[in-house]
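Have a look below at one chain only, the form predicted on its own, in structure tokens format.
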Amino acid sequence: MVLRITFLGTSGTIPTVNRNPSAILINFKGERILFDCGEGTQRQMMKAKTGFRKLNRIFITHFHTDHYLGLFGLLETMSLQDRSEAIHIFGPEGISELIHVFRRLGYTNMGYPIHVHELKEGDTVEGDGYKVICCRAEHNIPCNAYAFIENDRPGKFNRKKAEKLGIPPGPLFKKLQMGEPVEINGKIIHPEEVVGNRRRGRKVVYSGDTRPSQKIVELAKDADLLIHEACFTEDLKEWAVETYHSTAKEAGEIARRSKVKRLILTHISPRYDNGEALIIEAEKEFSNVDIASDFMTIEIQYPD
């Protein structure tokens, strides 16, 4: 089952020649879920050929312009493309007012329903085969971090044991895998007799803008991927503290403490060209580190 992540924007604060402002797209079972929508995100989506039609949910972390300014153009473009399906937009307190002002001042009449939801710490959004959990990041304005968590999967099916019990291959196998008992020659066979323990789904965490936070450590616990901002190197730590951002070393510390499998650094300050200095710092704390680049695409595999 596809869980693909496309980095549409990886710059911090302002765009550069090579980096657009923040935007990350998750493709899960064909559904597109967007996290942040910096200026120019719709064009990035066009270049990446992700499509707009199956974009159903947008999660905004906070209201610094490099994280949401592309939202209005994206919504307008989808309207001009005759979209009819509803879209759901999530964000911290104030997201409802933001969308209301956009529509009122622009005299905008979208051709599809827009549902706006304000999320607070601990809120959970249920999707088709997944959920998104919200926690509060440590920034200088209200800012959310998000965990995308796939639903648990059925345990492994023991075919040999099932056949030994007299169960013929076919629909009864599937019923057992889905947790339903079956009857064979007057005997009830229960799923736990041939199916192992349920297996956890995949987990991806996006920090938004934040100082190192115990809440994000807990949110990211055992994640397959942590996408964490890394605006600065340690020599600019005072500036990171003042602006409520993280250094690459601090992002590595969060990854290590969370016991995640992989760390990808994003929200890269324009002062770092290829980001090599950021990777070197993060690797002092955590070994499996990459730096995001625009149009970088990765697939998250099942943990077992």
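The structure displayed is predicted, hence computed values, not measured ones. One rule holds for the numbers: they count along the sequence shown, beginning at 1.
Just so it is clear, the following notes concern the form predicted in complex with a further copy of the same chain, a form of the same protein that is not shown.
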property: Candidate stretches 152-160, 137-145, 228-236, 181-189 - the one whose heavy atoms come within 4.5 Å of a further copy of the same chain in the predicted bound form; result: 137-145
property: Contact residue in the predicted bound form, from 266, 44, 247, 61 (heavy atom within 4.5 Å of a further copy of the same chain); result: 44
property: Candidate site 6, 118 and 298: all three near a further copy of the same chain in the predicted bound form by heavy atom within 4.5 Å; result: no
property: Distance check, residue 72 to a further copy of the same chain in the predicted bound form, heavy atom within 4.5 Å; result: yes
property: Close approach of residue 195 to a further copy of the same chain in the predicted bound form, 4.5 Å, heavy atom; result: no
property: In the predicted bound form, residue 86 touching a further copy of the same chain (heavy atom, 4.5 Å); result: no
property: Touches a further copy of the same chain in the predicted bound form: residue 68 (any heavy atom, 4.5 Å); result: yes
property: Contact set, 1-37 vs a further copy of the same chain in the predicted bound form - heavy atom within 4.5 angstroms; result: 13, 14, 15, 16, 17, 18, 19, 20
